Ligand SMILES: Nc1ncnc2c1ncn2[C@@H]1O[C@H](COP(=O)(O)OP(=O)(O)O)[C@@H](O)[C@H]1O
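Next up is one chain by itself, shown in structure tokens, the form predicted on its own.
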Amino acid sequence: MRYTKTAAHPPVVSLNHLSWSYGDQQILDNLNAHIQSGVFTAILGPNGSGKTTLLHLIMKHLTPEKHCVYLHTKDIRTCAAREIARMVASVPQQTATGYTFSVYEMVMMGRYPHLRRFQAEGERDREVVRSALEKTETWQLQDKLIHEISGGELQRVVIARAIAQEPDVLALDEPTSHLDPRHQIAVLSLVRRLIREEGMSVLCVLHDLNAAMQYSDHVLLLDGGRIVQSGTAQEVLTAEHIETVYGFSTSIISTASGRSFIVPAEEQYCEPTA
């Protein structure tokens, strides 16, 4: 699936002249974008370009001063926290493991937006939680405490909790930054499968340009708080754009299968020292 905008399906997330500052420091400057349903959008850019701040604004962890972030067609400023949690689920970089919750209890927390105050979970909530655990292949961990499982397992459990929210949008902030390559591939492959099976949209902050090239449908490339490029990975992640934004030279290598990979230019390799 590729990023397209159609009149029949309004964007699930719309940014309309979005700006944000911390005091006198401008973080985001006049962002405009539309994210369609069922699309993996990678948010890329150097450190300090505003990627995580953008996610926080979409999740209303920060509240924009003007009417410039919309979920479906609803101004996020008018949405209560529980309403937003039914539309957007978050997967942070790291999850605290000092609590004594079991895996099952942690995933059940994802049902909170769908329960009334003091309402106990019901049969459907248990079905949703089991389905989320099975989709992430963590059902066998349900009775373990979260501090007893590995980092890769914990990340899948956190994604299971997000799935249990039944959101329209899954927002991930560098979800693979603390994982080894095998678990990085497993997590991103899982996210792609969720798009296909659940039809949800994904907004994912990444530093790994090759991961964005392989897994994303659409890329927002930020620099200095602005969207400097927007389009498919092949359109955005060119050698010219990478050098302009990141400041190093690359080559784009295409394989016989049609996949493309980004490698540093040969002159930037350093000879190993004894």
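Owing to the predicted nature of the structure, the values given are computational and were not obtained by experimental measurement. For every residue, the number given is its place in the sequence shown, counted from 1.
The form predicted in complex with the ligand is left out here; the points below concern that form.
J.: Scan Ile27, Val245, Leu209, Ala33 and let me know which has any heavy atom within 4.5 Å of the ligand in the predicted complex.
T.: When the ligand is considered in the predicted complex, the option within 4.5 Å is Ile27.
J.: Find the only residue in Ser230, Ser49, Thr41, Ser37 having a heavy atom within 4.5 Å of the ligand in the predicted complex.
T.: Contact residue from the list: Ser49.
J.: Please pick out the stretch from 51 to 59, 209 to 217, 230 to 238, 66 to 74 that is in contact with the ligand in the predicted complex, where contact means heavy atoms within 4.5 Å.
T.: Heavy atoms within 4.5 Å of the ligand in the predicted complex occur in 51 to 59.
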